[in-house]
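A single chain, nothing else alongside it, follows as structure tokens in the form predicted on its own.
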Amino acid sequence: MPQRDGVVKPKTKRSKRFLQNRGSKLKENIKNAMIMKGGNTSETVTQALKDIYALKKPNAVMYKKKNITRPFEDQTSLEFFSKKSDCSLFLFGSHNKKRPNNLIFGRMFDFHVLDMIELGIEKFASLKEIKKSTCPEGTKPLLVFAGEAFDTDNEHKRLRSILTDFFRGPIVPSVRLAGLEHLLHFTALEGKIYMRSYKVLLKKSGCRTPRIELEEMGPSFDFTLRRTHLASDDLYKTAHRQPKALKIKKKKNVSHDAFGTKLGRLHMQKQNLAKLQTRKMKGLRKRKGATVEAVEETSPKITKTDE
């Protein structure tokens, strides 16, 4: 593809479709994640990356080779791979003496690191250890966040936002009841973050609504919060800006109550009640003959006199 004046011009139809897919859209593509491991990793980190990749498939790219980089010090390699694989989310695993069993969750904006949070693995149970039936690939999970820290602490709020972006999957208008098979539960308690993965089982209950049971299927993590790299308020606001075409225009004189009922208000001109057409009953109708006789009786008789 030749490049002139900073604009890449495609030569073939295939390259044209490729650039159109990478270009800006009103509705974004599904957010893909790239999963990488650093220069030094442990068995725990390697297995954790594989299990998270299994939950994230098919919207993920797994790099098997080691990448000698430090995201909190140099972010150029992450930005390069992000642009190459068209991924706006990343997960980086590393291990060293100072920070053992380390995972870094992060997001990109315009192929630059927006924010990332470092979590340390204290306890881990893989999919192999919990030998239960798993969900099909590509299942959209239910996300549950429990704990006051997710509502009060700024770092935990940003962590909840990153985890929601990472695991939520494609945006769909509706989901059938039988499609709710996977549940991810995050709990913030006493400075730790507990991640549990459950399979939703629908049992017979004797009525139309099924009885729901949760069966742990793995992986399960006990995290501790370590370093953070958060975007400034201005950059964070810019990243959340939506195009005008997607903004819902507010309709005048239309509102909804607490139950979702649509209410409308009509503006009319002042009505003249004297000309209001009411229902006429037969008993109230006046007869023509009766009105004439009444007029004759009430009117005085005037006699003419000759002077």
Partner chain sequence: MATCSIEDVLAKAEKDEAEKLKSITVIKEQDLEFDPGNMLAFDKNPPDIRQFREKKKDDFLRSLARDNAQLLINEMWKLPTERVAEAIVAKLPEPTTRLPREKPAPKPRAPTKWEEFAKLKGIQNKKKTNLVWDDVHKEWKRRWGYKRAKDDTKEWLIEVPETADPNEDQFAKRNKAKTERVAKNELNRLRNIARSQKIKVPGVGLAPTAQQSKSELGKAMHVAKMSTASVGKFQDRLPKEKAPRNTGKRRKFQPLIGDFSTEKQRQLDILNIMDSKKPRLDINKAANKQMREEDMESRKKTGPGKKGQKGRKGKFSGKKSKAPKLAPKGANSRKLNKQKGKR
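Numbering follows the first chain given and starts at 1. Given the structure is predicted, the values throughout are model-derived calculations rather than measurements.
If you look for the form predicted in complex with the partner chain, you will not find it shown, but the lines that follow are about it.
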Residue (of C135, L183, L103, A231) lying close to the partner chain in the predicted complex, criterion heavy atoms within 4.5 Å: L183
Heavy atom within 4.5 Å of the partner chain in the predicted complex - residue from L127, L114, I121, L225: L114
Distance check, F72 to the partner chain in the predicted complex, heavy atom within 4.5 Å: no
Y198 within 4.5 Å of the partner chain in the predicted complex, heavy atoms: yes
In the predicted complex, T209 touching the partner chain (heavy atom, 4.5 Å): yes
The partner chain contact in the predicted complex: T164, any heavy atom under 4.5 Å: yes
Residues from 85-103 in contact with the partner chain (non-hydrogen atom within 4.5 Å) in the predicted complex: D86, S88
